[in-house]
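First comes one chain, alone, set out as structure tokens in the form predicted on its own.
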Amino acid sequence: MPVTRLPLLALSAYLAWGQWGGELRFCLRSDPKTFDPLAVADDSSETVRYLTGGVLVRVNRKTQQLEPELAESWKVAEGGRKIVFKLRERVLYSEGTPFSAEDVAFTVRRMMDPALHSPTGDSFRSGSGEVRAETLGPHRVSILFPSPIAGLERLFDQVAILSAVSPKAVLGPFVVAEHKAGSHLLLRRNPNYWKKDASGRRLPYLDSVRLDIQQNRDLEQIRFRRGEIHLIDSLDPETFDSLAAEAPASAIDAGPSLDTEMMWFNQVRNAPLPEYKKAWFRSKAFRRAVSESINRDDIARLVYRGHARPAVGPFSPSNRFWFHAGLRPHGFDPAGARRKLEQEGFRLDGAVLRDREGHPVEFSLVTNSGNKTRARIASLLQQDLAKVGIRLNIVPLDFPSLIERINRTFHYEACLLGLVNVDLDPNAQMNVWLSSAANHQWNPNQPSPATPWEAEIDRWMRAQASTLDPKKRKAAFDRVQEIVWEEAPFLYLANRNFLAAISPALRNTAPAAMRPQTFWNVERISFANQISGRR
């Protein structure tokens, strides 16, 4: 595979030069659970890692292409088992020590240490055996894995490089200066940050970033309107439309997010459900009939106020490479749904649909309580299914109880939840699609595939994970998406748009679908009213 080299200033085509100074302020929902970048498992800790951690390569959130960061170039070898990085020279950590290949090797060894239980390291566990990181000089490092890893280089987007000599030193644009639990974090500019803008000025433009700990979304919105904070990373449609009416320049609809709302039926064979209901849920015709009874356009229009679109599968159109453009959402076709049901032995008895044994078709839908969006979706589903004779009962549960039912006791019939995609690559969904996986939600932890189509998904998922050829990987995952579309283990409902609030005082913001959506290019964000000229 050829050495990959990409231009350092790839953003220059759409980002203006910025001005120095100022403090960016926005909110976290909770305190970070860790400041160790290799132990990150929550959103707040991930935000701090992104703002402070330097990485070898970075997925540009706007173009979704991989770009060099601390590595000038890289080469994948040995069929995806090995990667060699050539590092930038004359890069310093925040406290002044030089960055070298030994720091990368140290980071990888610590990340893969079983005693750490690093969530970041889990993505690199390609098989049993040791991961070997070796320096090939002061600015070259080789990392060898026991088995091939498809998309290996992109995984390093999540790996913040530690210092082998100074635990608190960082390579990102900001350093943690102050943390008051339950109140705020203050990050200050890294004086040794390696990036410069097109005029040769050292980045970042901002002096500091203040992250206030704020759980109350209403208060967060009030503070934004007062100008006390500058970003809100996610808005519900009602709040967005209200903000758009009073301050249109601040309301940003960036198009489809990576997230999907979906429902599924419990197909676990030993679930504590009547056998006749299990038979319904295992029937493709039944699942497809329910799917075709749902008016997804109404969900997008009424629940999301038009800031969404009907969903077709596990990825939204904003995932530019992996989205299967040849598929369309299951169409709203109640008449076709009734025909499918009749062919399976169901019949209408007045306004009630009955199965071939006379049981009325009725099931409950669990979802998390307190989520207004899902409550509205559930209400529309209830209305749509009533038109084909199906009675849907909505059961809101607190989140711990919901997780207990869908993951442990399996005491539920159908579930409405969302899939949050934090990665563009299908390998991040191996724990969903493999039949043996714990998050194979409709029937998890299977000792062997329960159906031929699940066995086929297993084969294609392993096939895409075992080749380095992007075209072959795409073809394999396209086949997975086609099987899922046909068999409907998940009924995909809507891809909501990414809705954000961004102060007009900020310059160089470029909101994108991939997290962190609003501040992914934080080193180039600036305020319009600051004075330029520092270097």
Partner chain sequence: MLWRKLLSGASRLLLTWLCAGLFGAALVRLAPGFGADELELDARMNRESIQAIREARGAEGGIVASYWRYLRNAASGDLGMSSSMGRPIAELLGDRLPLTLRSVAFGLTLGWVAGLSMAASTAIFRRSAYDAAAGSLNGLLLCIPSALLAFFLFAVGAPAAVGIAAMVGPRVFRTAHLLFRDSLDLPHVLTAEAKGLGRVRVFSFHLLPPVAPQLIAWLGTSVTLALGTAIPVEVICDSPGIGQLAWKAALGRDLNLLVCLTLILTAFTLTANFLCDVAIAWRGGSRPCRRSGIWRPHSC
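Numbering follows the first chain given and starts at 1. None of these values were measured; they are calculated from a predicted model.
This next part talks about the form predicted together with the partner chain, which is not shown.
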Select, from the options 430-438, 328-336, 315-323, 74-82, the stretch whose residues sit within 4.5 angstroms of the partner chain in the predicted bound form by heavy atom distance.
430-438
Heavy atom to heavy atom, is D31 within 4.5 Å of the partner chain in the predicted bound form?
yes
Answer with yes or no whether P119 is in contact with the partner chain in the predicted bound form, where contact means some heavy atom within 4.5 Å.
yes
Taking heavy atoms and a 4.5 Å cut-off, does Y276 contact the partner chain in the predicted bound form?
no
Does L417 reach the partner chain in the predicted bound form if we count a contact as any heavy atom within 4.5 Å?
yes
Taking R90, L203 and S242 as a possible spot, do all three reach the partner chain in the predicted bound form with a heavy atom inside 4.5 Å?
no
Listed residue (N192, N295, Q214, S142) with a non-hydrogen atom within 4.5 angstroms of the partner chain in the predicted bound form
Q214
Name the residue from V303, V175, I406, M263 that puts a heavy atom within 4.5 Å of the partner chain in the predicted bound form.
I406
Stretch 167-184: residues contacting the partner chain in the predicted bound form, 4.5 Å heavy atom cut-off
H179, K180, A181, G182, S183
